[in-house]
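Okay, so here's just one chain, in structure tokens, the form predicted on its own.
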């Protein structure tokens, strides 16, 4: 037990040291983006404490403007908009994180296997990558989302299926040069199998590039989920930001009334803030991972 606690302590210490080094190398823009992202993540985690009203039950008069009782007003059913937004942050972050993990790790492993094994495996994987890249993403995602049903897990799987190809191609290109390094050849010569090299050499070496790609994938997935929800193909029980915008736009005469000033504007602002912070952080991390980009 003590040995496990000691390992955990050392692991957390390394994380804090790496986080401190990363923070020192980020630009002011990257630091601001990271702080905004952390605030949005904390908002999603503590949504039950931050929301004074339920996100799915009427808690006041319909279409109430922002005020003391309702920080961001209410919708046409009297549901508190602030509660829907903080709980909707969970949906966006879960979709972004889930898609980034599935597509990022899956695409990276496929790219590494393609470059390291070569031969027929390389040809098959690269042809699949070419097919996925030329397919029109949104129309096919709409069809698949409608076919599989408006479930959050189904949306994550559909988004991951259309997101793994680009990291696979990028990671493959880096692995082609990495596998020629003397220490990788030596490890393979002494019996190191693919999975040993994968977890001991390839993934640790490619981790900075993988993290940058995962951040980009998260931003793209959040936009795609909001687009599907806006089109009515999202999970109707999730209260995502795209679904809030969908309900607002479908309200008759929304643009001829002042209701859009809170019902439509606030979820759009939060969505834009989250995606922009991910884009700025990913760009700054790319500069840190490859110092040549700062010249």
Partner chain sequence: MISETLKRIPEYLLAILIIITLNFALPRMMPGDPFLQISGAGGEVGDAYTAEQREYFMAYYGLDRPAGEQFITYLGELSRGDLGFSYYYKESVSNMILRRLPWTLLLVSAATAISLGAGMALGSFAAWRRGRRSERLTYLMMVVFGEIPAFLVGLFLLVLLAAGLGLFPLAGAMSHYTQFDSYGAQLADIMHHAALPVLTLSLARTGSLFLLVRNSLGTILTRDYMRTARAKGLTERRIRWRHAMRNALLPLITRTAMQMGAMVGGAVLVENVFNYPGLGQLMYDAVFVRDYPLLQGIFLVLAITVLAANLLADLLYKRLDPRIAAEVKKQSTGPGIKPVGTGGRNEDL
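Model, not experiment: these values are computed from the prediction. Numbering follows the first chain given and starts at 1.
Form predicted together with its partner chain: not shown, discussed below.
Between 62 to 70, 36 to 44, 49 to 57, 251 to 259, the stretch whose residues reach within 4.5 angstroms of its partner chain in the model of the complex through a non-hydrogen atom is 251 to 259. This chain appears without its partner; in the model of the complex, the one residue of 186, 121, 101, 138 with a heavy atom within 4.5 Å of its partner chain is 138. The contact residue chosen from 176, 146, 207, 77 relative to its partner chain in the model of the complex is 146, the criterion being a non-hydrogen atom within 4.5 angstroms.
In the model of the complex, every residue of the candidate spot (134, 142 and 268) has a heavy atom lying within 4.5 Å of its partner chain.
Residue contact with its partner chain in the model of the complex: residue 280 places a heavy atom within 4.5 Å of it.
When its partner chain is considered in the model of the complex, residue 275 lines it closely, a heavy atom lying within 4.5 Å.
Although the partner is absent here, residue 231 lies within 4.5 Å of its partner chain in the model of the complex, judged by heavy atoms. Interface membership of residue 26, defined by any non-hydrogen atom within 4.5 Å of its partner chain in the model of the complex, is ruled out. Interface residues of 209 to 247, taken as those with a heavy atom within 4.5 Å of its partner chain in the model of the complex (partner not displayed): 216, 223, 226, 227, 230, 231, 232, 233, 245, 246, in sequence order.
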